[in-house]
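First comes one chain, alone, set out as structure tokens in the form predicted alone.
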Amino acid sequence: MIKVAIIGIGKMGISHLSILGAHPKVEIVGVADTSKFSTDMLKKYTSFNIFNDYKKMLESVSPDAVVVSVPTKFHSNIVKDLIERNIHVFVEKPFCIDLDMGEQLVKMVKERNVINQVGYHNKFIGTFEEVKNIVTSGHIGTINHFEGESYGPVVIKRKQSNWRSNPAEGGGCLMDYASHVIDLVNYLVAPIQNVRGTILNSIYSENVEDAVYALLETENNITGSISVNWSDETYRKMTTSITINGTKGKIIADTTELQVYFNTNECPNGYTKGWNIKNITTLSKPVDFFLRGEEYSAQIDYFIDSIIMQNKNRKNTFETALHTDKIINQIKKYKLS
């Protein structure tokens, strides 16, 4: 059994707590949050060891691993503290606001051999995993263009005064939602290297952007774009999709469906020349506990298994997440120049 503690029990923290609580290889040894209301509720309705100070929790329960689900501005200091104690760390996205601190944390986990993961859950969605397989196998041919998109009704009125409206706390569409799309492009296509143009639009927010449009170029010279708008109320909830054009075909995928066109008979097993459509229900791998989608449990399973097997995480490392942070910073700088 892996002894796991959780720091931060907001929306994502509660989700992780539910998933970890049902995990057959995990013992939850502590939960910490500075909100007395939240901790009082957990004390009343659960049997977990509850703390208002995460450092006291660490000293008291000595966890093997910790899941960090606090606001982004607190990530770096807490994560640094955990690494110094040689505790394996899963931290929510985005990774760090301060790039220099991000570099330091990446160096630290390598030196101490600490298992590390960042919560970019799209990499664990069956449709996007299948896209990765097709691209890696070369069946789509040489990629010549990509489009990453995400739209939904997150901010649809003025005068919101939560963390999403504060850039110092990781607020804004770029950090909160475009980060998912950037990270997905880095994974499915190739790491982005250059930002060629940026539009950041404020629709309802005063201090942050509500829409992000950027022209991008990967390290192997593939060009493409991202289009992300969290103020689009024509969608019921946030949805993410990616389109990839290659010399042998085209891929269009979102979180529920994969469409692939092959222009030759050299197709992967289970596919034919022309259009192919596959649903998420046939592509998802089973998980022990379903909450909001298989991907949330799948990413935790991956983290726990990496600890048990002492395998290096190759999907969502601090290093790959830092690269996403760097592209976010480039997009901001390009807009300001």
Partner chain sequence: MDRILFGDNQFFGVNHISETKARAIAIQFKNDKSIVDTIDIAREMDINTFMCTTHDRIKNICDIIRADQSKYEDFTIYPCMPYAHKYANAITEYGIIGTIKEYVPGNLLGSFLKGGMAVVSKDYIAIMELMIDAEMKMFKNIHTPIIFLQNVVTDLLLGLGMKDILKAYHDYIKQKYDAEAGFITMNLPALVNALNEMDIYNPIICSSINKAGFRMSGGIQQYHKTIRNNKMRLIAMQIFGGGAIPAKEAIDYICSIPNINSILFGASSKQHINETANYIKEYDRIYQNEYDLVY
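Predicted model, so just to flag it, every value in this text is computed and none were measured. Numbering follows the first chain given and starts at 1.
We do not show the form predicted in complex with the partner chain, though everything after this point is about it.
Contact annotation: E257 falls within 4.5 Å of the partner chain in the predicted complex, judged by heavy atom distances.
Interface residue remark: I308 is not counted as part of the site for the partner chain in the predicted complex, having no heavy atom within 4.5 Å.
Though the partner is left out of this view, K36 does reach within 4.5 Å of the partner chain in the predicted complex, counting heavy atoms only. Although the partner is absent from this view, V154 contacts the partner chain in the predicted complex, with a non-hydrogen atom inside 4.5 angstroms.
This chain is displayed without the partner chain, yet in the predicted complex the stretch 290 to 298 from 308 to 316, 63 to 71, 290 to 298, 266 to 274 comes within 4.5 Å of it by heavy atoms. Exactly one listed residue, out of N144, N201, Q193, T239, brings a non-hydrogen atom to within 4.5 Å of the partner chain in the predicted complex: T239. Taking the partner chain as positioned in the predicted complex, the residues of 9 to 39 that bring a heavy atom within 4.5 Å of it are, in sequence order, I9, G10, K11, I14, S15, L17, S18, G21, A22, K36, F37, S38.
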